[in-house]
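Quick heads-up: it's one chain on its own, the form predicted alone, in structure tokens.
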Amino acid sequence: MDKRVSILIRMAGAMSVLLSACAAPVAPTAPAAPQAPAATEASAPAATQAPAAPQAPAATPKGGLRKSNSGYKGTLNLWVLGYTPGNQFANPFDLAIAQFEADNPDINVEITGYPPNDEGFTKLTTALQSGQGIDVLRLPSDRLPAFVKDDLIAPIDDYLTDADKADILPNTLEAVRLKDGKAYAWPLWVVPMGIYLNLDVFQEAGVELPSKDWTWEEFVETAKKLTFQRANGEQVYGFSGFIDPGVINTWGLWMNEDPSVRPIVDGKFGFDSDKAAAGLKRFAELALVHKVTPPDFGSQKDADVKGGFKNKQYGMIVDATGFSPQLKADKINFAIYPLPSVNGNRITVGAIGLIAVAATNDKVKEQAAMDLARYLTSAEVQEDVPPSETAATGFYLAPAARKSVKVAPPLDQFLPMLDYMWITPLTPAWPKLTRLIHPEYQNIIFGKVDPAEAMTKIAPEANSLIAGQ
């Protein structure tokens, strides 16, 4: 049995929801100036560099999965999470679409990018509900259930071949079986969170690399050592992370308090527990007690966090797999570590990246959209978009959901984490639940509310959301 299949089979039986784990690369901007904590309003990721011209597609079509036999002539609108023209996340899709269009000269594919935050998911939802301008969409697994509930997504069962079923990792396909047991998306990749270490900051501060089996205490001590002021007065902080209603990048750092700390336990809200409060308090102490985070921690934009890491303002950040190709392309000296353990409990939160097809009554167009989705989740797209200057790891920005796709460096550093990756439950209530939790989570980090009181306060509404899903 393939190692990754074995790993995923050991993953939580409840394959489910998640965040915008597939966060896009963003601009190498300097971190935001310190400011009073405020509610986060995440912004779209910016291009990391001037748009790079993708390599020209093959002049001669290649056939295979790339060729649609639908007979469709016209435009397919493809929405891609994290896509900003010219960035390391967009170039692989540009190159893949160029090849698809070369094989299908009657089909034009137009790409629309949306940011990996609450604002971006709102735009995506609006587009789907309008039924206009969207045919194929790349999304994280946590957003799928609500769309399926509202009949906005087409099931893929009629288009799955025996070869697809044999190739796609079983649990990823099982995870997208929702209404009436049908599968509603093509699994693309599996996306765990990791701790990114800027090795130049470690060297500058004279800090030795910790063991990858590190504990929370060792993580905190490392962050303290990485928090220092340069001779020119520039302040360096040991740790930062992006916090937004649409993402749960940082959650694993306090959910590791105990295996019981989960947002939904036995069908009820689970964060109103003593263990959850202890984990939240411990995490907030990074800012409130240990002072290893920037002053605006909790309200930073994604670009500030990533840019600060690249500019050596932060020694460590927590983020998903999609950031690593950008770092590789920009020749940043970095390493990827698992989240530290607490009392022997190790966890990372993660998502399944998916490509789905919007529901439509035009079956010819639906066939073409399904053909595009299959191609974009296949080993053929990996062959067409190998590692290059404009696509550092090739097409795949995370370990793939098909056995036929090979995992390229530095993404292979995430593979050990799949063994204990937790995926949030696939529930239509998830977007509203994260919006309910988010302001309390921020205020805990800002030191404005007590963790236990905050989670107890929202428990009734959280239970109502979960019960009404």
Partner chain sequence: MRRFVQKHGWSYTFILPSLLTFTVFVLAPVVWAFIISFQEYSLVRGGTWVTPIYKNYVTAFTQFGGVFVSAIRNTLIYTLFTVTANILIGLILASLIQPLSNWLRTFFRAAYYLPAVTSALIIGLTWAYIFNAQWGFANYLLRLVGLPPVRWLSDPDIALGSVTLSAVLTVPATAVVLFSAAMGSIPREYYEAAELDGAGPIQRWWHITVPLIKSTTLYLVVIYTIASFEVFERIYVMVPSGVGNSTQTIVTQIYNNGFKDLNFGVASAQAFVLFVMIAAVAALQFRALRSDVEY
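This structure is a prediction, so every number in the text was calculated from the model and none was measured. Positions refer to the first chain, counted from 1.
One more form of this protein, predicted in complex with the partner chain, exists but is not displayed; see below.
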query: Options 411 to 419, 396 to 404, 432 to 440, 63 to 71; stretch whose heavy atom lies within 4.5 Å of the partner chain in the predicted bound form; finding: 432 to 440
query: Interface membership of Ser378, the partner chain in the predicted bound form, 4.5 Å heavy atom rule; finding: no
query: Pro170, heavy atom within 4.5 angstroms of the partner chain in the predicted bound form; finding: no
query: Contact test in the predicted bound form: Ser299 vs the partner chain, heavy atoms, 4.5 Å; finding: yes
query: Partner proximity in the predicted bound form: Glu119 to the partner chain, non-hydrogen atom cutoff 4.5 Å; finding: yes
query: Heavy atom within 4.5 Å of the partner chain in the predicted bound form - the one residue of Asn108, Thr161, Ser211, Thr126 that qualifies; finding: Thr126
query: Residue (of Leu152, Ile332, Val207, Ala278) lying close to the partner chain in the predicted bound form, criterion heavy atoms within 4.5 Å; finding: Leu152
query: Those residues of 281 to 295 which, in the predicted bound form, come within 4.5 Å of the partner chain by heavy atom; finding: Pro294, Pro295
